[in-house]
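Okay, here we've got a single chain as structure tokens, the form predicted alone, with questions on binding and movement later.
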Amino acid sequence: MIQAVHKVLGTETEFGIAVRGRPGYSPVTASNLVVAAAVGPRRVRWSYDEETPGRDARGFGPIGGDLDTGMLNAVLPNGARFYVDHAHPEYSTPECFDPLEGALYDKAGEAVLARVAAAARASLGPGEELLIYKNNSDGKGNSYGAHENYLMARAVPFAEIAAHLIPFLVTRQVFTGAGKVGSENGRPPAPYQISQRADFFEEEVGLETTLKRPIVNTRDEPHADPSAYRRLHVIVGDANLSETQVFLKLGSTALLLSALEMGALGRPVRLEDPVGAMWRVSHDPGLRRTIRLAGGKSVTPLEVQRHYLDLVERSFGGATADAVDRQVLELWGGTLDALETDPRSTADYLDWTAKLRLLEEYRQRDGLPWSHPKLRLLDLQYHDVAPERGLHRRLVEAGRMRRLFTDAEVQRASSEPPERTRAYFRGRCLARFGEAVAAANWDALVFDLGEGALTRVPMMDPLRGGRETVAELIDGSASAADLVRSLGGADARTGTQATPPGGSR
């Protein structure tokens, strides 16, 4: 058993994009248009130094990877990364202190996309309309990701992580799915299913994220001190619009990983066919079918989730639990109870049941079969980030969806960084000394102080460099050069590395 690492976390969302009224318009061009609208002519470029997407947690690699593709790739004032990933605009949240903050900054990404989409529309011609969706499938056999990242202790063997994660992630979709009309990727027909992503997973463990997608991703790119930490990159999950659902997804997974670090999960549950179980669970909105364990026993997805919830509660329940952890545990248990009794009773905070209720209302009103194309259009419209068009937003405004945050809090998070992680240092430096920041990535800022060589300021600990330790230094510095000198240990004229409070050289 080791000491659990505080779960700094975040999400990465690839947004669907299209231009109505202009057939054949490249999604890559559209994505560049959107990112350019966000960062303007003076953007801080993303630094690929130290990035190794081809390094495998099982000890392989690095085996190469597509780093700088020439696409727009920049940093936002709230500490987030915003860039073009293949044919999609992708928003990666800043590092968040807990799942509640993670849910807030995930929602802030929607505000960013809605804002920049409105600005980018000015570049389109008459009759053309830019459409952006927070979803995971274009309905034509293409899926795009909604990933999660969790800080973990390097000391935990990766094989042990994978063994517990597989059954947890396969069954977690009962409360993380975004809902979807139909099936894809050669899976059996399904009128309606729980998850948008489940049909696309084809391996248990692997490095890929776009082909032969694995349930457990092995990318070993910590963006932190590699001797102490790993960044668990979770690619099994849907892009959620419900604030409560994002909170539950991040919170339950973070607690499970902490319990795993503490050695509190015992022997893992082993599924007979994890890949098959992925789509079978998703294809059963009634949540009554079973999946087989390796020993031949059959269990329901809810039973697997209760098993893990019970183990986590033994570690984190009780009066000593953190307030946010207690909130997660209460929501996790209450959701499993509600899904057991009547899945549709969760329609005020789970996307897949909210969408199902909405589609059933249309079906009954208009007498539509599940195969009717109007239902697929309504499915897509649920995910539209434009406030005036998105069906999820209409449910929120009608009081039919629970909220955790106000619109003002979400808008503020779209422009201001979290205060308890290194994202604060990154975001505040961009806001105050943006002209002097030449490049940035998760674990460093690079300053051009106009005095010769560039100065790199490393930030190798995600939990250091927050408001409490650096706000006074930043506010008290008249220039970036003053700040670098105040950080200690570097002469800006030499181009040597500086060290921020809480950083390491």
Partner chain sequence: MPEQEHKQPRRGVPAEDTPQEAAPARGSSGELAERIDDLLDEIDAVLEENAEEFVKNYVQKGGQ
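Treat the numbers as computed from the prediction; the structure is a model and nothing was measured. Residue numbers count along the first chain shown, from 1.
Keep in mind the form predicted in complex with the partner chain is missing from the figure; the text below concerns it.
No residue of the trio His6, Lys297 and Glu303 has any heavy atom within 4.5 Å of the partner chain in the predicted complex. Contact with the partner chain in the predicted complex, judged as any non-hydrogen atom within 4.5 angstroms, is confined among 277 to 285, 374 to 382, 310 to 318, 107 to 115 to 374 to 382. Of the residues given (Ser415, Thr290, Ser183, Gln327), Gln327 alone sits with a heavy atom within 4.5 Å of the partner chain in the predicted complex. Checking Leu124, Val396, Val269, Ala264 against the partner chain in the predicted complex, a heavy atom within 4.5 Å turns up for just one residue: Val396. When contacts are judged by a 4.5 Å heavy atom cut-off, Asn135 counts as touching the partner chain in the predicted complex. Looking at Val484, you'd find every heavy atom of it more than 4.5 angstroms from the partner chain in the predicted complex. The closest non-hydrogen atom of Lys249 lies beyond 4.5 Å of the partner chain in the predicted complex. Taking non-hydrogen atoms only, Leu131 approaches the partner chain to within 4.5 angstroms in the predicted complex. Residues Asp85, His86, Ala87, His88 are the ones in 73 to 96 with at least one heavy atom within 4.5 Å of the partner chain in the predicted complex, listed in sequence order.
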